[in-house]
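Before any questions on binding or motion, here is one chain by itself as structure tokens, the form predicted on its own.
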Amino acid sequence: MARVLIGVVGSYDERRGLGLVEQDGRQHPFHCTAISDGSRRVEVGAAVSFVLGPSHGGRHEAVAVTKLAPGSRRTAVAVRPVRADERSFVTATLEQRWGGQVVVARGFPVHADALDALVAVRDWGERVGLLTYRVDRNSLEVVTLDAFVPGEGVGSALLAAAGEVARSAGLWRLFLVTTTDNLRAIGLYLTRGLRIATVHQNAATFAREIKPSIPVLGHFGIPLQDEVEFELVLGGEGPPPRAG
């Protein structure tokens, strides 16, 4: 499973957009496009969190490089499957962050508390994130994704772990849907290599008919109307054939 690591930027060539992160005596290369805030710049000596992931050339390098704020908790985070005795934690998280155990995904109600799930934990066991998912034919759909602490790479680690689950099962793609107001999450998805697959117009409006507690206005006062579907193509057997 994916693990959030903590390191220091040992070198960075701004002209080439290439750098090295030093961690426990090891060096991991990274590209400027892997810097999570989109700035494409980072100072040598800066403390960062990151996840090891495959690069375009096939080797592993640092991705989701996140600059740590001064005084932030610089501790490693690991991701593992949720245990059977943690189901009450899943239910409580969904109640707190999603207003209930039912999530409307692409116009259909989903009991997210019954889905497979991954949890992000610190070294001493503190849970700092949760992802629920389901497999539909040859795709893995991320239904909910919550990072309890911002700016420490938790969301990136959960997404990377979900990608590992999908790859190990030979699935074609990982995908998820979010609303157009979720700008922070959209930035995360784009920096993690996901691309916009389609826009579901008025999907949030229709979802409100199923779940009236969905607000009319979202973050930054943006109306909740449309949903954006992001996908990461993994390979596998390819998309299902079209009917007819």
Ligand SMILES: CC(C)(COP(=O)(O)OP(=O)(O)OC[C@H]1O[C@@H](n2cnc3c(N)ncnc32)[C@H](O)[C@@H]1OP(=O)(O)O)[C@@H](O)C(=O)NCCC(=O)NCCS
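Just so it is clear, the model here is predicted, and its values are computed rather than measured. Just count from 1 along the sequence shown to find any residue number.
Form predicted in complex with the ligand: not shown, discussed below.
Participant: Heavy atoms within 4.5 Å of the ligand in the predicted complex: which of the stretches 208-216, 37-45, 23-31, 191-199 has them?
Facilitator: In the other structure, the partner sits against 191-199.
Participant: Let me test this: is every residue among Thr132, Glu141 and Trp172 within 4.5 Å of the ligand in the predicted complex, going by heavy atom positions?
Facilitator: No, none of the three is in contact.
Participant: So which of Val79, Ala147, Ala160, Ala166 gets a non-hydrogen atom within 4.5 Å of the ligand in the predicted complex?
Facilitator: In short, Ala147.
Participant: May I ask you to state whether Arg97 is within 4.5 Å of the ligand in the predicted complex, using heavy atom distances?
Facilitator: Taking the distances in the predicted complex, the answer for Arg97 is yes, it comes within 4.5 Å of the ligand.
Participant: Is there a heavy atom of Val154 no more than 4.5 Å from a heavy atom of the ligand in the predicted complex?
Facilitator: Contact check for Val154: yes, within 4.5 Å of the ligand in the predicted complex.
Participant: Report yes if any heavy atom of His60 sits within 4.5 Å of a heavy atom of the ligand in the predicted complex; otherwise report no.
Facilitator: Contact with the ligand, no.
Participant: Given that the ligand is not shown alongside this chain, does Val177 nevertheless sit within 4.5 Å of it in the predicted complex, heavy atom to heavy atom?
Facilitator: Answer yes; at least one heavy atom of Val177 falls within 4.5 Å of the ligand in the predicted complex.
Participant: Within 179-211, which residues have a heavy atom closer than or equal to 4.5 Å from the ligand in the predicted complex?
Facilitator: The stretch 179-211, when checked against the ligand in the predicted complex, contributes Asn182, Leu183, Arg184, Ala185, Gly187, Leu188, Tyr189, Thr191, Arg192 at the 4.5 Å heavy-atom cut-off.
Participant: Please check whether, in the predicted complex, the CA atoms of Ser36 and Glu164 lie closer or farther apart than here, given a change of 3 Å or more.
Facilitator: So the answer is closer.
Participant: Regarding Asp37 and Phe175, go with closer or farther for their CA spacing in the predicted complex versus this form, the difference being 3 Å or more.
Facilitator: Closer in the predicted complex, by 3 Å or more.
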